[in-house]
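First comes one chain, alone, set out as structure tokens in the form predicted alone.
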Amino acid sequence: MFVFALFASMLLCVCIGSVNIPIKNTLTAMWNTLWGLEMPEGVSKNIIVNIRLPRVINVALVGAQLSLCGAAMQGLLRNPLADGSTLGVSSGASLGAVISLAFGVSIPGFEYAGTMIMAIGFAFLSLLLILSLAYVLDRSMSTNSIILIGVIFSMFTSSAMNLIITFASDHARSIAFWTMGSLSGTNYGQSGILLLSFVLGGGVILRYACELNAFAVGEDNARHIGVNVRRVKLVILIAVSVMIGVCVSISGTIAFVGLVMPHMTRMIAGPNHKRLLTSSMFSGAVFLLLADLIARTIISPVELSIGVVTSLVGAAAFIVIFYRTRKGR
């Protein structure tokens, strides 16, 4: 079901835009391009293959990774509100990327490496800082403490980014739009980078699905059945930081995907992480594809930032999840 929904959403997003293209022409263009066949007259190869298809692929990969990271962090921390955006990890990655863009941090020969490395590094450091502060202030590391520190840290990084943008006025407009999240103009080169981080980071997280099930009944119980708690935590946090850092460096800040989709998926797939993690990848990809489609078409020809759409949906879902969590207690 999830696989069918993903491919149907991808096809829909390629067909619909400022110029609507029939499904038959879309499939013909992709098939002929794949096999190197001559393109029939009237088929818009450039729009389909060179503009929309790479964007759709990148949106799906970003959505899958953000949702997978959210599901992994919720299981690891036993925190229903854990997510890259609510914990401040995405904000930290954004700060690293903004510093790279504003001050021209780069690696010769690698177009995106400077921004990507800065985003990954800041994402991991942010996560360590937030969890360390939560532990110092509240040894029980309650949901409220972690979320509160994450919100405070996000406010700090937002102020820091505004300060940087002020001094980097030449890049101010592009940075401001990027921080709201957008995959407009992305290409197949970025698809390769996203796919690599997805295979490596996602493979690591899926490898520890059983350990995440053990974490659901508490760290002490997980330790008693032979789980190396410290190593599993460190490996998963590194994988999450890498994936979020890569996504943020390419797409900008896209909030709430990792918060909303694992919860919705859990209602269908259940709490077992062997199914939940895989299902979350597909549901996250579908959700972000539809959000991107809305952003592109709702006030066409003007294009909204995809982060605006996900934030509107995510903010409402955040309130519902928080209320249900408090009510359950």
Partner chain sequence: MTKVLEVRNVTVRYGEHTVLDRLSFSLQEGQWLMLAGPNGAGKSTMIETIFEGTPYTGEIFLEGKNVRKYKPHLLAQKIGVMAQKNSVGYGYTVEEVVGLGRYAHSSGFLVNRDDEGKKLVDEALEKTGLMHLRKASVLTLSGGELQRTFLAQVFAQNPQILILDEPANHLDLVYQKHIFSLIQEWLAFPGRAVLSVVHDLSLAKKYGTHTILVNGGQAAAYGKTEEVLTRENLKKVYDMDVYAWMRGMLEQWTEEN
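These numbers were taken from a predicted model, which means no experiment stands behind them. Positions refer to the first chain, counted from 1.
From this point on, the text means the form predicted together with its partner chain, which you will not see here.
J.: Answer with one of 221, 162, 132, 187: the residue that has a non-hydrogen atom within 4.5 Å of its partner chain in the model of the complex.
T.: Among 221, 162, 132, 187, a heavy atom within 4.5 Å of its partner chain in the model of the complex occurs only for 221.
J.: Taking its partner chain in the model of the complex as the reference, which of 75, 88, 181, 201 has a non-hydrogen atom within 4.5 Å?
T.: The residue in contact is 75.
J.: Within 4.5 Å of its partner chain in the model of the complex, counting heavy atoms only, one of 223-231, 114-122, 93-101, 252-260 shows up; tell me which.
T.: Among the candidates, contact is made by 223-231.
J.: Any of the heavy atoms of residue 171 lying within 4.5 Å of its partner chain in the model of the complex?
T.: Residue 171: no, not in contact with its partner chain in the model of the complex.
J.: When the contact criterion is heavy atoms within 4.5 Å, does residue 213 count as touching its partner chain in the model of the complex?
T.: Answer yes; at least one heavy atom of residue 213 falls within 4.5 Å of its partner chain in the model of the complex.
J.: Residue 266 near its partner chain in the model of the complex, any heavy atom under 4.5 Å?
T.: Flag for residue 266 set to yes.
J.: Does residue 273 reach its partner chain in the model of the complex if we count a contact as any heavy atom within 4.5 Å?
T.: Taking the distances in the model of the complex, the answer for residue 273 is yes, it comes within 4.5 Å of its partner chain.
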